[in-house]
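In the form predicted alone, a lone chain appears below as structure tokens.
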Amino acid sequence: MRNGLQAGTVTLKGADGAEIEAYAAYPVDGDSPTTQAGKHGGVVVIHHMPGYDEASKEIVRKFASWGWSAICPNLHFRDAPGADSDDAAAASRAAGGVPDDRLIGDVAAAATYLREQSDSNGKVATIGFCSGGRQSVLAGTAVPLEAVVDCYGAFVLSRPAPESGMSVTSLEDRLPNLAAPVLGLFGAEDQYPAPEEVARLDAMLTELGKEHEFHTFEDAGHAFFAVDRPAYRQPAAAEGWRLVREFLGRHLGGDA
């Protein structure tokens, strides 16, 4: 673990050149906050549908404390600039959710931002939760990445009910383009994705020859990482974070 970190709000030029807000954190060494750590990789954190919230920012800081730079783009910023996370998420949901092409552009911008930092070793991964898990896989099919982490990503292979208003489609046709190894973390009691969908995704990636490892936790449902929600399951979350750190250590390098 590093001696310290710097964190704060930055501006990204995302999809279509639009400026969006993002939250970034960087590991630092020594007593001075201006002393950056040695060369290391970076992590793009893709927030859940509830939005760009304090819990997501805490995850960004976690990665910096482990020795990787991290950034979380506000995917709902265009829908409600300056709004709190709940209102921005509601506006995004009312618009059908984040369009896939826009997501790819925003994640690509975040990955470029990390690679342009003077302490970057050029390696970047994504991690996403809930809708962000699906979007992490989506990014892995279109953005150059070293690793992809999918935490209970909903609707990777299915579509939400029409009454949800969400315009999300299956990623099945995109999976042949997946170029980075995938870590998948799922709850056995989840319905989105249900264990059957996880098994089908596992089989598809195996048939396509895509490097991946999936872990399903008993007594855990959706959002088991979310410490601020009733769905939180401490044993599953603790083991999940251990697996994430080990996986990223293999693919991003550094001394985390």
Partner chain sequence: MCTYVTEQAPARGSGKGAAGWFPLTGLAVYFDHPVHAEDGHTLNIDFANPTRGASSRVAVELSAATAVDLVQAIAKVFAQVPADLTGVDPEQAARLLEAARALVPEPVS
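None of the values given here were measured: they were computed from a predicted structure. Positions refer to the first chain, counted from 1.
One more form of this protein should be noted, the form predicted together with its partner chain, which is absent from this view; the next part is about it.
Just one of 59, 49, 28, 204 comes within 4.5 Å of its partner chain in the model of the complex, counting any heavy atom, and that one is 49. Among 144, 176, 99, 160, the residue placing a heavy atom within 4.5 Å of its partner chain in the model of the complex is 160. Partner contact region in the model of the complex: 80-88, out of 67-75, 80-88, 176-184, 111-119, criterion any non-hydrogen atom within 4.5 Å of its partner chain. Contact annotation: residue 131 falls within 4.5 Å of its partner chain in the model of the complex, judged by heavy atom distances. Shown alone here, residue 230 lies within 4.5 Å of its partner chain in the model of the complex, counting heavy atoms only. Its partner chain is not shown here, but in the model of the complex it comes within 4.5 Å of a heavy atom of residue 222. In the model of the complex, its partner chain lies farther than 4.5 Å from every heavy atom of residue 197. The partner is not shown here, but in the model of the complex the stretch 189-223 reaches within 4.5 angstroms of its partner chain through a heavy atom at 190, 192, 222.
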